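Take a look at this single chain in structure tokens; it is the form predicted on its own.
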Amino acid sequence: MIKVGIYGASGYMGGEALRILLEHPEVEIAWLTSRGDKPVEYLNKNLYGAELKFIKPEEVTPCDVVFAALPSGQIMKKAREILATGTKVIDLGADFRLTDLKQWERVYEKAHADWQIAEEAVYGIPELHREEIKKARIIANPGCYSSAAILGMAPLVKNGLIDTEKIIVDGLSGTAGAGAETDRAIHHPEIGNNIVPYNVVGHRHTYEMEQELSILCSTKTLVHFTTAYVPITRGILDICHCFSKTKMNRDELIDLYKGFYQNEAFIKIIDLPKDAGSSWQYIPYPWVAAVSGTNYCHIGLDVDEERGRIVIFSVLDSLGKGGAHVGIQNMNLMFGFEETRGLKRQGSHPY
């Protein structure tokens, strides 16, 4: 058993981490923090009867690992002190995601409090950084859009099959990605029956995508990324457009993707055939609802052979494989547990 603490357990991300960790057979919850004075059941009604209590951040005690679900700029001020007690850190936020200090400070519009710790952090996509994660003291959990796009594009970039300066990603997000604080754009009367574009250029997750994809191909990668909120609660759909250097068909690409992810428990390549007799093709592509509440990423694709364009559809739960669940996958690796421990649940249908 390991003792786990959660900073910011009153929000959506921290609350989801708590929900999954309560089911984990190797975990004992040591403490939960909240900035407010509401009880756990008030903010996480799904945990009614769990007999949990929040404490203030100044009351925390050393444990084996902490999850940080805090606003940008907070955990970086605490991380060095936490690590000094022998406690590992999994940051579910953005304080350690980028490897370039000037870029981080420009993108997040603040001075970084401890760049030396940021340089030690490992970017937490297990499918790409598994061995580094096993040895790490601090994990920078990826952004939700970033995870979907990086996982969706990695096989093509790694194999040099596309123009890496012309990657276009359209990201559609459920409103849980905006957090628990109320904002007009995610207020139900506004977002219901609506689609709301936001941060359509310069979105923070753009820089994670470019950073990680550039590592795979050892050359500059440019991602043209635009986002919108859609009227669902959980989930990300990244629609990735790219342009092939050579002629490839859908079957060839599916084989490539299945080979690339053949040993990955949480990546599913949708290989269902098209219905030759149907004019409305949707069966071959992934659905967001299928991965809700899980640590799975489903990837589907198609090829416009006439124009040399490849379209990748990558879906995941913004609080799951795009957030708290992959944080727990990283924890399993850090402590030598079975990687899938506590994470094998399938999605619900219908959701």
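Just so you know, these numbers come straight off a predicted model, no measurement behind them. We number the residues from 1 along the sequence you see.
Below, we turn to the form predicted in complex with a further copy of the same chain, even though it does not appear here.
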Task: Heavy atom of Lys77 within 4.5 Å of a further copy of the same chain in the model of the complex - done: no
Task: Asn199, heavy atom within 4.5 angstroms of a further copy of the same chain in the model of the complex - done: yes
Open item on the list: Given that a further copy of the same chain is not shown alongside this chain, does Asp64 nevertheless sit within 4.5 Å of it in the model of the complex, heavy atom to heavy atom?
Closed with: no
Task: 4.5 angstroms heavy atom contact with a further copy of the same chain in the model of the complex for His24 - done: no
TODO: Name the single residue among Ala136, Ala94, Ile232, Leu216 that comes within 4.5 Å of a further copy of the same chain in the model of the complex, judging by heavy atoms.
DONE: Ile232
TODO: Let me know the one among Glu252, Asp114, Glu264, Glu190 whose heavy atoms come within 4.5 Å of a further copy of the same chain in the model of the complex, would you?
DONE: Glu190
- [ ] Select, from the options 115 to 123, 77 to 85, 232 to 240, 139 to 147, the stretch whose residues sit within 4.5 angstroms of a further copy of the same chain in the model of the complex by heavy atom distance.
- [x] 232 to 240
Task: Sequence-ordered list of residues in 171 to 200 near a further copy of the same chain in the model of the complex, where near means a heavy atom within 4.5 Å - done: Leu172, Thr175, Ala176, Ala178, Gly179, Ala180, Glu181, Thr182, Asp183, Arg184, Ala185, Ile186, His187, His188, Pro189, Glu190, Ile191, Gly192, Asn193, Asn194, Ile195, Val196, Pro197, Tyr198, Asn199, Val200
